[in-house]
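In the block that follows, a single chain appears as structure tokens, in the form predicted alone.
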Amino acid sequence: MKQSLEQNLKQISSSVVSPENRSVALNNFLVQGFPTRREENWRYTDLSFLKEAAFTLSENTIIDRLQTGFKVGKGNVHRLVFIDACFSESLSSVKALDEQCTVLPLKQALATNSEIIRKYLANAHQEDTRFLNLNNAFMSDGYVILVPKGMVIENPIHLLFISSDKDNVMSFSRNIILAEENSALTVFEEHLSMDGQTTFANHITQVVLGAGARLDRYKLQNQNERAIHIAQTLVDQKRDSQFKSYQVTLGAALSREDLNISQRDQGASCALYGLYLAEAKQHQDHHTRIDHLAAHGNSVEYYKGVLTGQAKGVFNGKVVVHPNAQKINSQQTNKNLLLSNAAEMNTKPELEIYADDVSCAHGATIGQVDSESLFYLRSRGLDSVSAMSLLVQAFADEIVETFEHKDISDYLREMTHAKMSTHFLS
């Protein structure tokens, strides 16, 4: 893959990152290489096939219609659409916002807020820098949302990423959300595919929440059965800020989601909810890390998975309570339902506590549909398929019911029910 990456680097525009910085980032990645299963964080996810892959960057691809069915019942929706991580102005619809608020593709935002945006691009830090370096080398576009102090954006901002029908295409987006003191917003990030081609996507999102700021972030990954989806979200929380993450993973041949949260000041809170449905030979991997760096922080984490066929799932949730971070309350739960004997789930909740006045707990379960519950429903007149459907949908809906925005919740419930009825319960 080395030769393929080096060739692609010569073709990419320098409008977002200078050629010199791209070259340095690519060299750093090539020295590091792809993760291997010998590493604990990648123990259950094999990327060795990527070493021989030959992906190319997509040229500007134009499509004439939206692939999403998401609508907002009342009011306008602010929507940015990206095709193979390149902004599509014709499909986007950014309604009037306060002139002090920025909702723009990365390339356009750099033209007006270059200093502040480049500052955050340069200050993306994470423990594992390999995909960060790869993204630094090839990022083509992405979105930037800057919300000024005290502003509350009522309607959700919809970020739609569509993989085109071109085969063996790779795409790289870099996204920034900066919510200043006491501001609030809701974003819905959706990833879809036009066709069943092989694609590779690497998305990195940086979130900075000022004191008292609130962000509700929804994400749906529903790409085709040959897609590879690698994403990292880095969240930096200041005093009394609130971050809520609602994630639904339905698609891709292989997906990996890393969500890293740093609570740097007192009173910060986060709530992470996730649902993943995997069938056939899908592989879905969710890694989360929450660092409590200051006192009086709160975190809640609840992920559920349903797997059938020969699907494989991974969940690794790590909570680290640092020294002097007293009065922390952290709860973590992962529950999984296996509908076939060939499905496999690997779950690893972790706690590292270096303070003595905390309340932290974690737990995980893996099992099949409860036979007594199934028998009870059958005894009330339901056939076996209807009884199974009711129990599995109830298991999944427990997560979706935590989603606070009604229009987004209804849409995600529709998507999950459609996948279950077609691939899990037929």
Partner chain sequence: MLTIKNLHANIGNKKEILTGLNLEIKSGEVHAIMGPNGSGKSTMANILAGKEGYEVSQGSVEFLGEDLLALAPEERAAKGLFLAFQYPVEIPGVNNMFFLKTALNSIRKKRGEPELDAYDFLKKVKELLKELDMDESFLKRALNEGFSGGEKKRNEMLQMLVLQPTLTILDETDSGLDIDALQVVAKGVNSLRRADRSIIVVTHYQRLLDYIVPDYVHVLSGGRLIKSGGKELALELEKSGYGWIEKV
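Small disclaimer: the values here were computed from a predicted structure and weren't measured. Positions refer to the first chain, counted from 1.
Omitted here: the form predicted in complex with the partner chain. The next part is about that form.
Student: So, Ala394 and the partner chain: in the predicted complex, are they within 4.5 Å at any heavy atom pair?
Tutor: Heavy-atom contact with the partner chain at 4.5 Å: present for Ala394.
Student: Just checking whether Arg380 would be counted as a contact of the partner chain in the predicted complex - the rule being heavy atoms within 4.5 angstroms.
Tutor: Close contact exists here: in the predicted complex, Arg380 approaches the partner chain to within 4.5 Å, heavy atoms only.
Student: Using a 4.5 angstroms cut-off on non-hydrogen atoms, would Tyr376 count as touching the partner chain in the predicted complex?
Tutor: Yes, contact at 4.5 Å.
Student: Spell out, yes or no, whether the shortest heavy atom distance between Thr36 and the partner chain in the predicted complex is within 4.5 Å.
Tutor: Taking the distances in the predicted complex, the answer for Thr36 is no, it never comes within 4.5 Å of the partner chain.
Student: Here the chain is shown alone; which of Glu52, Glu59, Glu372, Asp64 has a heavy atom within 4.5 Å of the partner chain in the predicted complex?
Tutor: Only one option qualifies, and that one is Glu372.
Student: With the partner removed from view, which of 386-394, 64-72, 25-33, 39-47 is the stretch that lies within 4.5 Å of the partner chain in the predicted complex, judged by heavy atom distances?
Tutor: Stretch 386-394 is the one.
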